[in-house]
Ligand SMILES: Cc1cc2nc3c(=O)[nH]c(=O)nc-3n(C[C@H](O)[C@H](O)[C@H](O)COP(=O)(O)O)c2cc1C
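First comes one chain, alone, set out as C-alpha cells in the form predicted on its own.
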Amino acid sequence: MPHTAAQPRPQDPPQADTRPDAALETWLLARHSCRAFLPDPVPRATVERILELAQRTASWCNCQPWQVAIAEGAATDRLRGALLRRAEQAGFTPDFPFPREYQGEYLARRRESGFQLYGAVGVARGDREAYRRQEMRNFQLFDAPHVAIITTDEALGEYGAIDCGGYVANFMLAAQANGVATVAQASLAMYPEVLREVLGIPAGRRVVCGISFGYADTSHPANSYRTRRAEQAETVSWVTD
C-alpha cells in the first residue's frame, strides 16, 4: 500500500473566554497612556456613554465629589495655547502638593517609564533641549481633540481626591471599552489658575488632574511601547494569623 502523508487534523475553533472578568481583563491589558492622538473628535454620544459608566465609581459616603469640565473644539485649542504660554514661565502652584520625592522602586519605575518614552521618540539621554520639547507635549495635550479636567470640592481634602482617582481609572477603562484612547495628566494640575480661567472652574474646586482623550495615532512612536507592571509579590503581603 503506497504511503500517504498524514492529513492535518482540523483545528478546534478558539474557545471563548468564559471567565466573568474576561472583558475587564481585555480592557485592562489594552489600556495604555496615549501620547499621540489623531485630530478626529469623539462623537458626543460616545463621550456621554463613557461619563455614564464612570459615574458608577464608588466614593466615600457616596458623596461623588468629582466634577468634570470637558473641553472640545475651539475650547481645547484655547486651553492648549494658554497652558503652553504659562509653561514657558517659571514656577507652578498645584492645588494638591506633588510628591516630595521618588525613592527606591518608585524612582526605578519612574525612570524606566521615562527611558521607554524617550527611547521611543528618539530623545538621547542628556539632551535637555529634547527633554523640554517632549515635556511641552503635555501642554499641547498630545494633540488630543478633548480634555477632561477632574476637580473635587475643597472641603473634602485628600479624601475627595482619592475618590476622584477612582473616577479617573473608571473613566479610562470605560473609554477603552468604547475604543477611545486616554492619558491621565498630573502635569495639567500644575497650573490650576489657567484651567479656572479658560474653563470657568469655580474657586472652591480643587484640580486633581486632567485626562486627554481621543483616537490614538497608532503609527506614532510615542504609542509603540508598554510599561511593565510589578508582580504581585512586589506589592501584596498576606497576613494569615
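Values in this document were obtained by computation on a predicted structure and should not be read as measured data. Residue numbers here begin at 1 and follow the sequence given.
Separately, the form predicted in complex with the ligand exists; it is not shown, and the next lines address it.
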Report whether the minimum heavy atom distance between Val183 and the ligand in the predicted complex is within 4.5 Å.
yes
Using heavy atoms and a 4.5 Å limit, would one call Arg206 a contact residue for the ligand in the predicted complex?
no
I'd like to check something about Asn138: if you look in the predicted complex, is any of its heavy atoms closer than or equal to 4.5 Å to a heavy atom of the ligand?
yes
How about Thr46 - does it come within 4.5 Å of the ligand in the predicted complex, if we only consider non-hydrogen atoms?
no
Residue among Ser33, Gln67, Gln55, Asn178 with a heavy atom within 4.5 Å of the ligand in the predicted complex:
Ser33
Mind telling me which stretch in 186-194, 212-220, 55-63, 38-46 gets its heavy atoms within 4.5 Å of the ligand in the predicted complex?
186-194
In the predicted complex: members of 216-233 within 4.5 Å of the ligand, any heavy atom
Thr227, Arg229
